[in-house]
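Before any questions on binding or motion, here is one chain by itself as structure tokens, the form predicted on its own.
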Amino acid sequence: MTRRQHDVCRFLLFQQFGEQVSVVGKYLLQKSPSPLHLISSETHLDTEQVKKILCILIQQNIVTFGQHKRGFIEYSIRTGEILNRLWFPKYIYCAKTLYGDAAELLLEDVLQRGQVQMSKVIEVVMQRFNEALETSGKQKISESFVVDKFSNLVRTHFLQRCLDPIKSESNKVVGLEVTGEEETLYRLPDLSRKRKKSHDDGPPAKRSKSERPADDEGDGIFWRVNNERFHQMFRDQAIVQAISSKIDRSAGEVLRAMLRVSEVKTAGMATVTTPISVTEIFNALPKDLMARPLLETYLSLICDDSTNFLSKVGDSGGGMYSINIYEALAQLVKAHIESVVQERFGSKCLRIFRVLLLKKHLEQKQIEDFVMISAKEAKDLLYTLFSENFITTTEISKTPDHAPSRTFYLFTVNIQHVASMVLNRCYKALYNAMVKKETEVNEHRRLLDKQERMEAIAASVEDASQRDEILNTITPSEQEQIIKVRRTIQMLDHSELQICEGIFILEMYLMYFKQRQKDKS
């Protein structure tokens, strides 16, 4: 993990958990894994305090632990879990889009708690949801409705069970692991089993507790969010959006149907999906979207496109097609990098960069001919791209002495190296945007708090003249300053979202590139 990623992790820990948690997190980022006594002594915090902090971070799935060969427990921090917190708002919006408001509240509560029992989260969501419905005068929802939403999130693998504890001979928890097959992580408790009610009529609270699912309470099953499943969905959305922009919306729907079918057939990190027949694709498409001949036309069109998202791999079943996930992500990354090159160096450098992507290896004279610019200008632009590490050179010598006069110098683009470099710069930009936003809020906190107080007081006043009088207590100069600050914060928020989208595509591509190298070896 790079220094820039560490900076973002430390800032997120400080922003969401406070200073002391960020101190422990910073130490673990540098020295992970470490035992409790070492963390306490190095951070100059009390042992009991460190225990509470580690409990919080374990609850939030940020810290994990295991037994050292010498017998003591070591604590390690999971940087990926910290960085995934950047995506929490998008997780919640995704759940709302798929399953409605109840699923949104369910996922929000699970993300907030880190790990939670099914019965507890359903109870909290029912209370919040019914309070909101009561104020609006609408009919309350039933427990079965919320349970159904929770079940949908589990069945589609957006929620999963937490890892089971590993116990030593002395019945002490020394680590976490998956017991049984992976599918057990998505097995719902048997909700039909209820604890037997007591014969004597106890208080309502006790009766309701006795009626909770036995598996949930008795076996101590806790649930957490499956980040990988959400990222898989975001990956699919990016691929569908790309092909929709390149061809049209119907082509995007065809690809979406194929990705939906391949979910249950393809391994999570497979670079190419399993072959899917035209019949399966047609059955997965929404009804009345297109006829089968038109579907076959779209499949041929996507196959012939230069993006290489889709390829035909067989003729059985009307034709077998597979999606090249790695190639699709590579095209998306190239588009992101080309955008960076154009913004930083201009359109002529972009032309050079695109020619090198297309032709792989070229000499300077060949680049001048393909791009159609003068030798002097091409030399300057090539040096600019080379000095910024966007292009590299390969030396091919005619003789063993590697004399410059008898050596060919070929320019090329190492897309993996450039993607890693741009990813590092994205994290730097993200950290700068987050710090700048925090600074703006802290510097103008008095004005922002004053406006919130005045708006709250004005909202509670019925008389319009009194309301205007209260709002006018903010002077025009203060109002102008507030507008300026809010505009700056909004711009920084928008920048963070755009940077996060770029980070996601770059990280996903590099991850699939490593997987592809493993498959080849």
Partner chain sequence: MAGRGRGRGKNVSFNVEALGFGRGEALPGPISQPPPLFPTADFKPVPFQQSEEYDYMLALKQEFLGNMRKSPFFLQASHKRKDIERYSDKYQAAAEVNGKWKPDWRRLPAELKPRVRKKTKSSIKPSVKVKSKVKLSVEDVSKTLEELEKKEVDQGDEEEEEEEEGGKKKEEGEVEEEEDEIYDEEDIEEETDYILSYFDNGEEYGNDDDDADEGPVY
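Numbering follows the first chain given and starts at 1. We call the rigid core the largest set of C-alpha positions that still match within 1.5 Å between the two forms. On a predicted model such as this, the values are computed, not experimentally measured, just so you know.
Just so it is clear, the following notes concern the form predicted together with the partner chain, a form of the same protein that is not shown.
- Just one listed stretch, out of 310-318, 268-276, 372-380, 294-302, contacts the partner chain in the predicted complex at the 4.5 Å heavy atom level, and that stretch is 372-380.
- When you look in the predicted complex, the only residue of S32, Q59, Q481, Q67 with a non-hydrogen atom within 4.5 Å of the partner chain is Q59.
- Site annotation in the predicted complex: the residue of A335, V173, V435, A132 reaching within 4.5 Å of the partner chain with a heavy atom is V173.
- Contact between E452 and the partner chain in the predicted complex is found at the 4.5 Å heavy atom cutoff.
- Using a 4.5 angstroms limit between non-hydrogen atoms, L28 is distant from the partner chain in the predicted complex.
- Although the partner is absent here, Y75 lies within 4.5 Å of the partner chain in the predicted complex, judged by heavy atoms.
- With a 4.5 Å cutoff on heavy atoms, D164 counts as touching the partner chain in the predicted complex.
- Contacts between stretch 494-514 and the partner chain, counted in the predicted complex as any heavy atom lying within 4.5 Å, involve H494, S495, E496, L497, Q498, E501, listed in sequence order.
- Remark: with the core as the superposition reference, the CA shift of R453 between the shown form and the other one reaches 2 Å or more.
- Once the rigid core is used as the reference frame, the Cα position of L36 differs between the shown form and the other one by less than 2 Å.
- Fitting the two forms on the rigid core leaves the C-alpha of I482 displaced by at least 2 angstroms between the shown form and the other one.
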